[in-house]
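Here we start with a single chain on its own, the form predicted alone, put down as structure tokens.
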């Protein structure tokens, strides 16, 4: 039975996104963002006594407020247009990535793929667009549950979202689920905060809200000078214009362990308390773990229990949006540890 006041959402249709291509240090490798991730996370939910509901096909107006119309149009048609090429590959992988401030938008789909795909970690297959839309539906359903009075809700989103900005996919992410959830909540509340504890900086989320004061963004992550996303996530990025002071990055040295990570979460929660939001969106990454395949931080499994307790004790109704945490023997254990802390077990 689902925990009272803690609805959880997952769509089996997101399994249709099953990317294969990944480029790792110049070598082609298997993509880490595979459907099995969701199955392991659901296993942890079920072991905690939680069930997942299929989200409705929601009103996606918030999606159009977060992402550009041109990008949403591109995602809707890129697969079909790619098929027109002879000898096309099994997935869309861009082979060029322009510096957008110095280039023009092309008319051909190959050029558009480069424009809208920041890297090679987000290949698009036949089921990717539909899966991304259903992932968004999970995030909106969780946000709507908060709007209707739930104290917390969880969205098992695949593909994840926090590296996607208004116009660009990247880092396994096509649509920014957390940003869309926050924008949906802004339709009901004046102030929303986003706390991102994924091992990678939430660069897409930061870019979307960087010049806004109504959504506070806080990201705790491995220092990006030698870790993805490399080009954003530094401590001196604090917002611009009316958003000045409403973006907080807490980059941590590579390999940092429990005490450093938990200390940063405390610091982030203090900034959120000062902002006094009506609702919180938590970008939940489990990839800070010491044995996650990407090896950015060295957080132990019990620390996820502590982190969950700290965040819940902040007392804010929270939409928990799944981000990273990749295939390893520890993924389900880390999710279970987080749930133990959140449910007070």
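The structure displayed is predicted, hence computed values, not measured ones. Positions refer to the first chain, counted from 1.
Keep in mind that the form predicted in complex with another copy of the chain is missing from the display, and what follows is about it.
> With the partner left out here, if you bring back another copy of the chain in the model of the complex, are 66, 188 and 246 all within 4.5 Å of it by some heavy atom?
The answer is no: none of the three residues contacts the partner (heavy atom, 4.5 Å cut-off).
> Going by heavy atom distances of 4.5 angstroms or less, which of 147, 260, 213, 110 would be at the interface with another copy of the chain in the model of the complex?
Checking each option against another copy of the chain in the model of the complex, the one that comes within 4.5 Å is 110.
> Exactly one residue in 77, 130, 103, 266 has a non-hydrogen atom within 4.5 Å of another copy of the chain in the model of the complex; which is it?
That would be 103.
> Is residue 71 close enough to touch another copy of the chain in the model of the complex, meaning at least one heavy atom pair within 4.5 Å?
Although another copy of the chain is absent here, residue 71 would stay clear of it in the model of the complex, with no heavy atoms inside 4.5 Å.
> Within 4.5 Å, heavy atoms only: does residue 326 come near another copy of the chain in the model of the complex?
No, residue 326 sits far enough from another copy of the chain in the model of the complex that none of its heavy atoms falls within 4.5 Å.
> Would residue 90 count as a contact of another copy of the chain in the model of the complex, using a 4.5 angstroms cut-off between non-hydrogen atoms?
Yes, residue 90 is a contact residue.
> Does another copy of the chain get within 4.5 angstroms of any non-hydrogen atom of residue 12 in the model of the complex?
Result no; residue 12 lies far from another copy of the chain in the model of the complex.
> Partner absent here, but in the model of the complex, which of 193-201, 180-188, 131-139, 225-233 has residues with a heavy atom within 4.5 Å of another copy of the chain?
After filtering at 4.5 Å, what remains is 225-233.
> What residues in 60-83 sit within 4.5 Å of another copy of the chain in the model of the complex, counting heavy atoms only?
Read in sequence order, the lone residue that approaches another copy of the chain (within 4.5 Å, in the model of the complex) is 82.
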